[in-house]
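Single chain ahead, written as structure tokens, the form predicted alone.
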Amino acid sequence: MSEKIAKHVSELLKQGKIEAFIGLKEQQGSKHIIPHIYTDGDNLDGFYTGFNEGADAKRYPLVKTLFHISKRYPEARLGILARGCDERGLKELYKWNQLNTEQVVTVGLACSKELAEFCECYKPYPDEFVEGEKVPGVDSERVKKVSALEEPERLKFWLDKFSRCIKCYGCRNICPMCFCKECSLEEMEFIETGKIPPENPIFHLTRAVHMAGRCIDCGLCEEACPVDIPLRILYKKVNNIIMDHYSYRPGFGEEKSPLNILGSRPDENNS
């Protein structure tokens, strides 16, 4: 447990600056880590910040958890443990009018060099953080390797990976930027009741286009995939294309995505 972060969270709760804090908890008597909502500054038993363990890091979609809680309790002021990718997710949700900046307090945690390299993260730290050090961003060697393949080889690579898909929707369900009330991948025009989603690779390509200008490169989709499809390569590539054509990277700066010129109201169908 990080005493520094725990103390900071405790003070936020005791001083009434937040009503609840969304973080992780290590269950007593085991090493199992679960999401947890802390409401008592004097009771942070099991408070967990072990994000910096490389491939063994325990990760949950805390931003998506906060998003759902904020919809249920729109007046509540919530705290959240935020790494670089979490902060990027929050920034995009603010831009899409899905969260109110006044209702969220972040407690920043900078990722270790080991975790940054594992995730190939281009900004492994939030703008402000309570603990950790600012380490350099990392270019994706996996994207370079796949992009260097000749087109027939690249097509074969992706068709092989997509063929594993069991249409579990795990990638969509865990994504902090999937906030549509009605998913385009489930619209009746495309899928009849009782039928499975579209054939591969249409399922993943449709979602990749839909996430263009929104994906904040957290990598949770790839971690959630039960058949190990390298989805982060796909979304990093999409992000690079958006950067090349529009000079925009989701989660950076205050400007909105070029694909979100008008923004969205919290109560409208954002599919």
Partner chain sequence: MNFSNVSTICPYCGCGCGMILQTIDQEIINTLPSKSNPINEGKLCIKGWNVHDFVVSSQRATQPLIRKDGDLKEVSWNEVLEYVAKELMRIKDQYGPDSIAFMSSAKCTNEENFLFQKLARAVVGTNNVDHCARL
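The model shown is predicted, which means the values in this text are computed figures rather than measured ones. Numbering follows the first chain given and starts at 1.
Below: the form predicted in complex with the partner chain, not depicted.
Checklist entry - Would residue 108 show up as a contact with the partner chain in the predicted bound form if we use heavy atoms at 4.5 Å? => result No, residue 108 is distant from the partner.
Checklist entry - Taking heavy atoms only, is residue 125 within 4.5 angstroms of the partner chain in the predicted bound form? => result Outside the cut-off, so no.
Next on the checklist: Even though the partner isn't displayed, in the predicted bound form is residue 174 close enough to the partner chain, meaning a heavy atom within 4.5 Å?
Outcome noted: Yes.
Next on the checklist: With a cut-off of 4.5 Å between heavy atoms, is residue 237 one of the residues that contacts the partner chain in the predicted bound form?
Outcome noted: Residue 237 lies outside the contact set for the partner chain.
Item to check | Location of the partner chain contact in the predicted bound form, chosen stretch of 239-247, 209-217, 225-233, 40-48 [non-hydrogen atom, 4.5 Å] | outcome: Every other range fails; the passing one is 225-233.
Checklist entry - 142, 179 and 253: each with a heavy atom within 4.5 Å of the partner chain in the predicted bound form? => result Verified in the predicted bound form; spot residues all out of contact, no.
Checklist entry - Is any part of 142-157 within 4.5 angstroms of the partner chain in the predicted bound form by a non-hydrogen atom, and which residues would that be? => result Result: empty, none.
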